[in-house]
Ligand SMILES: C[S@@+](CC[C@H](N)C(=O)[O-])C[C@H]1O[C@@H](n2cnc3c(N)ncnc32)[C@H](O)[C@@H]1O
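Given next, in structure tokens, is a single chain: the form predicted on its own.
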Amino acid sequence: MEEVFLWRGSTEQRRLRSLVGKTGRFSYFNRQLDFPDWSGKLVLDFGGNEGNLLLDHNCTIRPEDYYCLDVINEALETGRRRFPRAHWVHYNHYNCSFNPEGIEGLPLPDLGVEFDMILAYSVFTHTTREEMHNLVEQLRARLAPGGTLAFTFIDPHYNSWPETYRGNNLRWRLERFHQTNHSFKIDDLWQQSRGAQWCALVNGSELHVNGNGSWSNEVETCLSYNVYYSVGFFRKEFPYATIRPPVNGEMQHCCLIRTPGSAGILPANLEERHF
């Protein structure tokens, strides 16, 4: 089940929150960043929900060094109760599915610190292309010298689990939506996506190729919004970044952007590294 339904879905769906594990986020970024020393590092978990990084049993980020910025106030309150020494900030930014009552174009708040690491897991898979670029530039401005911004994206054409599943990432998502909504034809949408540089899937059944799609700002109009980018297209969008393939059985690629002053900028040939 998509995370948005756990917070904005039916009563039955919301009750499943305590049963759905959100571990693995720290392990994912720890590996993508080549197992750095996290001690004393200030970390911003952008879109971190209820503190998903800290929930990993092997997380070595100190709660007092951890900042979580999210559009869901209820999630932040849950995290605050669990990790009272961490920093929890509500970002009342509009998002068509997670925060439709939010403020469009709201800039990131000034948290008064520069961050060594800014991590965003599956955030820009739910925003428009323009929002992604705007927020990435704002996040880069909040990095300390030598800091790293790491965020994920999903390639619609990539097969994340070749040993157990023959389809690509987009088809996998379409099949999941089709289990509860049989009104659309998976093969038709999948054929439309072939060769797409990027695409947006609105409410699980409306596919917009090389475009964001459209919806009104009504609360229930766009409960589910998923955006996919091919690796080739993402390299053009962020030519100064390093792109790494999924790890730990995840479907998310990772985009790494480092500021000057780091211990060593990742060489371009590591873009194709496989684990």
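This structure is a prediction, so every number in the text was calculated from the model and none was measured. Throughout, we count residues from 1 along the sequence that is shown.
One more form of this protein exists, namely the form predicted in complex with the named molecule; it is left out here, but the text below deals with it.
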Exactly one of Ser205, Ser160, Ser193, Ser122 comes within 4.5 Å of the named molecule in the predicted bound form through a heavy atom, and that residue is Ser122
Contact with the named molecule in the predicted bound form, heavy atom within 4.5 Å, among Leu189, Leu135, Ala200, Ala150 goes to Leu135
Since the chain is shown here on its own, which stretch among 125 to 133, 80 to 88, 180 to 188, 165 to 173 would lie within 4.5 Å of the named molecule in the predicted bound form, judged by heavy atoms?
-> 125 to 133
Quick one: is Leu143 in contact with the named molecule in the predicted bound form, heavy atoms, 4.5 Å cut-off?
-> no
Even though the named molecule is not shown here, does Phe98 get within 4.5 Å of it in the predicted bound form, heavy atoms only?
-> yes
Hey, in the predicted bound form, does Val71 get a heavy atom within 4.5 angstroms of the named molecule?
-> yes
Decide whether Arg25 counts as a contact residue for the named molecule in the predicted bound form under a heavy atom distance cut-off of 4.5 Å.
-> yes
From first to last in sequence, which residues of 48 to 64 have any non-hydrogen atom within 4.5 angstroms of the named molecule in the predicted bound form?
-> Gly48, Asn49, Asn52
